[in-house]
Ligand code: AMP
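In structure tokens, one chain follows: the form predicted on its own.
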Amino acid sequence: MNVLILGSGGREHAFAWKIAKSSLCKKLLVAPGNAGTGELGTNIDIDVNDFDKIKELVLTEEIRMVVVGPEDPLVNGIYDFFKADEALKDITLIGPSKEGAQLEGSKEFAKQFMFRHNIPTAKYQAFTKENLAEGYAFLESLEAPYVLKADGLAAGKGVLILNDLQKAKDELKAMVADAKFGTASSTVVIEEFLDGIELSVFVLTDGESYKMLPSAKDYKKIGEGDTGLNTGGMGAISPVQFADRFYIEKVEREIIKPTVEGLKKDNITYQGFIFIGLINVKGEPKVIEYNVRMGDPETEVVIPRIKSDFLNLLQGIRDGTFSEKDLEITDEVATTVMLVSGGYPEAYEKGKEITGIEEVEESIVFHAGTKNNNGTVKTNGGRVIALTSFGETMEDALEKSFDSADKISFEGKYYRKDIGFDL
């Protein structure tokens, strides 16, 4: 089978790394890809939202399956584009319909879905500039800290957590009235703050049945001890230690089953990944958010823990045998540590030469923001490389990732040395 992966980050490199191992994979293409994916298949320089160019590529290269990495093309309706096109409708696209993608594309849609299907989450209300005064009143009814979320996609920057009531009111106005996050914040969801430790669970579904992938926890802040600005993710651990079998069974019973059943009840077409961001509040799991794709850098610890043939599992979605497919997970702990560019998540430079990758022996090197420039690998993004290692314990695995991090060099390299500190 010829497979196309859409995206260019560490998540897509992890998909490519796993799919390339399958005997079912005849040809692998990644669009646009990075220096790492280029070693496993062919990179094609196409924007993930250029559906017409993607169609041309799929037909020319006789692609039978498209695995969508990032959220943008899903929210923009790539699934519906394929299904509505006579030449594309029989090609398997791993990702939800445009309506299903609203679980990530609209915070308000997701909240309404959770309340409709009795899925535990924080209480909330949504506001626009038309009812700003009601928004102020709702903030006054809550205890600090105050959580404000831009309704639409804001590149991971649309969530504010503020301790000061007046500051929260000012930010609400900036978001809805002054377009702080553009159209993404024309509606803002305000919700009660939930105090606890976060984790993520991942589900793959064909729309009828589902498989639970390993749990993971990522680290979003740039600074050690979870300080400083939010990033796309500085590292991840899988499995999450406190999420034992009993806890995961509770998550499945109270959150996963009602989510998959809710999609069916609402007649929402959904075949792909559901990423459920949870918070553990005194032993009770509550949903913070849904994403409609795999996380990054969580994918870099979740996918390597799958021992069975991942493409065979996806093939089950294609041919209706998904529920019968095996999913085997290793008991080993996987950790990943992200090397980032100097200045990230604010202004940073690209094009810095990366050396030492070939010296890494104990970790899997997943490229995130890299580019192959005439045989030289250079930085091409804020998050540059994820280093994934296995161990009997989290500490064993982290030691390998940190050792590997020291072997790789590029100007301005930075990484957090405290991944897993709170576990």
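What you are looking at is a predicted structure, and each value in this text was computed from that prediction instead of being measured. In this text, residue numbers run from 1 along the sequence as written.
This protein has a second form, the form predicted together with the ligand, left out of what is shown; the following refers to that one.
Out of the listed residues K325, K220, K350, K257, K220 is the one that sits within 4.5 Å of the ligand in the predicted bound form by at least one heavy atom. Residue-level contacts in the predicted bound form: of I161, V203, L142, A154, one residue has a heavy atom within 4.5 Å of the ligand, and it is I161. Checking 187-195, 83-91, 305-313, 133-141 against the ligand in the predicted bound form, the stretch whose residues place heavy atoms within 4.5 Å of it is 187-195.
Proximity of V240 to the ligand in the predicted bound form falls outside the 4.5 Å heavy atom cutoff. Looking at A122, you'd find a heavy atom of it within 4.5 angstroms of the ligand in the predicted bound form. In the predicted bound form, at least one heavy atom of V147 sits within 4.5 Å of the ligand. Although the partner is absent here, D72 sits far enough away that none of its heavy atoms falls within 4.5 Å of the ligand in the predicted bound form. Contacts to the ligand in the predicted bound form (heavy atom within 4.5 Å) from stretch 242-277: none.
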